[in-house]
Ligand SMILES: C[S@@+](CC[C@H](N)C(=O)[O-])C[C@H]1O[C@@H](n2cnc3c(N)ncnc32)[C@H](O)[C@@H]1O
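A single chain comes next, written as structure tokens; it is the form predicted on its own.
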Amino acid sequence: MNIRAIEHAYKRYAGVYDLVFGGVFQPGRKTAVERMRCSLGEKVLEVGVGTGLSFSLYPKHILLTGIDISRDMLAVAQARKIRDRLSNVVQLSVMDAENMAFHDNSFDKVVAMYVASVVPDPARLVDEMRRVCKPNGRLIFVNHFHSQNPLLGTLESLISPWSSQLGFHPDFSLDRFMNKSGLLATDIRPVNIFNFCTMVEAVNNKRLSERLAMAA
């Protein structure tokens, strides 16, 4: 996976993304937003905001910023913001999730839904999310990980060479993700139909994460 491959894949998906990936993955989005427990005036960053399918789930009393590498997906999100008059969506920007332009400690909560298996370097994604999130802020991930079902897991491994065309890694390992990122999870739970995806919740304890990384 590389940035150009991701852009090409989601340029193809932009027009049909809501139809194909909207309803089936919306329960995971809803769970993620609920677990953030957003308070009045908090600043929230959604990494890989896509077409803005999560917008309606956020409370109106927060300030939401969304970024995405795909201009085509973000154009749909911008249209949704205008159509639904979402004044709490304060910024939508084309941006690389692994090299964000935000200052350190800019957000109270940072969430990445269905993004970790898309980016070239998931550990770098987590590092950037930690950097822009305030200390002890909340980090949330929702993603499909390599299935423990032998039949489905084998199928995911077989199609993994076509990751660039698919726009994501179908054999993305939860254990590898947790180990390489050094995330300190406070909750891991299945979401979506047939528990197809997993939500990972973590507190942004930067110092402890750094110590663990050095020890490894």
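Numbering starts at 1 and runs along the sequence shown. All figures in this text were calculated on a predicted structure; none of them were measured in a lab.
Omitted here: the form predicted in complex with the named molecule. The next part is about that form.
Can you pick the one in 89, 140, 97, 132 that has a heavy atom within 4.5 Å of the named molecule in the model of the complex? So the residue touching the named molecule in the model of the complex, by this definition, is 97.
Segment that reaches the named molecule in the model of the complex - one of 132-140, 89-97, 102-110, 76-84, heavy atoms within 4.5 Å: Of the options given, it is 89-97.
Can you confirm whether 10, 69 and 118, the three residues that make up this candidate site, all sit within 4.5 Å of the named molecule in the model of the complex, judged by heavy atoms? Contact check passed for all of 10, 69 and 118.
Residue-level contact is defined here as any heavy atom of the residue lying within 4.5 Å of the named molecule in the model of the complex; does residue 17 satisfy this criterion? Although the named molecule is absent here, residue 17 would touch it in the model of the complex, with heavy atoms inside 4.5 Å.
How about residue 53 - does it come within 4.5 Å of the named molecule in the model of the complex, if we only consider non-hydrogen atoms? Residue 53: contacts the named molecule in the model of the complex.
Residue-level contact is defined here as any heavy atom of the residue lying within 4.5 Å of the named molecule in the model of the complex; does residue 49 satisfy this criterion? Result yes; residue 49 sits at the interface with the named molecule in the model of the complex.
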